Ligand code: OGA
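What follows is one chain in structure tokens, specifically the form predicted on its own.
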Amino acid sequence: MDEQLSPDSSRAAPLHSPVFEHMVTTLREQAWCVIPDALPPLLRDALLAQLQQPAALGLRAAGIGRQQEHTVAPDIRSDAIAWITGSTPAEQAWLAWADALRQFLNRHLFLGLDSFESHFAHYAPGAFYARHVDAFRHAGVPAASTRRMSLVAYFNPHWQTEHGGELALFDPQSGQEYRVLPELGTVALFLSEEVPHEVRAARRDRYSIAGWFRVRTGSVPV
């Protein structure tokens, strides 16, 4: 009998997961980490199957800014997105895996992460996202209700360097660039306020999930 995916099956990455341990160890030393084959295979394959039917995802042109300041700006970003709501078993299992990671990060790095949001993203050939950070500090103090940790997971089998589409991370201390190929199963995790990054234009369709762990008002560590 084929193994079935459920929210509980996300526990293939339990709280003692070597992947989670690797993330924490790396994040203690620098503001970002990149881990190939980070997702449990059952979860990875279920999400890939959903992404292989992009017409059913309800993708819409992405914008910049939030709420009243939200606007579509194709000169800055030209991807299409669909927010993940838990409407399928794959989405439910993804959200459960992300919550297990949230708890692990809080337990070992004391980040005070309170919630998680994420969306599917499709970059058509030529689409890009210019250099940016995912959250801003105000007068040197982290915003009270903001994204604290960014997560990107990739779902592109057989991706080659010549396909482009790299995620470029810029070390906040040295400014050195680190390029991440959007290969199937790779996960990047980085501090939202500290790590500038951009998505380079690809030569083929590129699929990913982008997510953010948030802190709520009054819970920002000082």
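Remember, predicted model here, so these are calculated numbers, not experimental data. Numbers follow the displayed sequence, beginning with 1.
Not pictured, yet referred to below: the form predicted in complex with N-oxalylglycine.
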Inset, instruction - Spell it out for me: taking N-oxalylglycine in the predicted complex, does every residue among 23, 32 and 108 have a heavy atom no farther than 4.5 Å from it? - result: no
Legend entry - Residue contact check: residue 44 to N-oxalylglycine in the predicted complex, 4.5 Å heavy atom: no
Inset, instruction - May I ask you to check whether residue 97 falls inside a 4.5 Å heavy atom distance of N-oxalylglycine in the predicted complex? - result: no
Inset, instruction - Mark residue 155 yes when one of its heavy atoms lies within 4.5 Å of a heavy atom of N-oxalylglycine in the predicted complex, and no otherwise. - result: no
Legend entry - 4.5 Å heavy atom contact, residue 134 to N-oxalylglycine in the predicted complex: yes
Legend entry - Sequence-ordered list of residues in 28 to 58 near N-oxalylglycine in the predicted complex, where near means a heavy atom within 4.5 Å: none
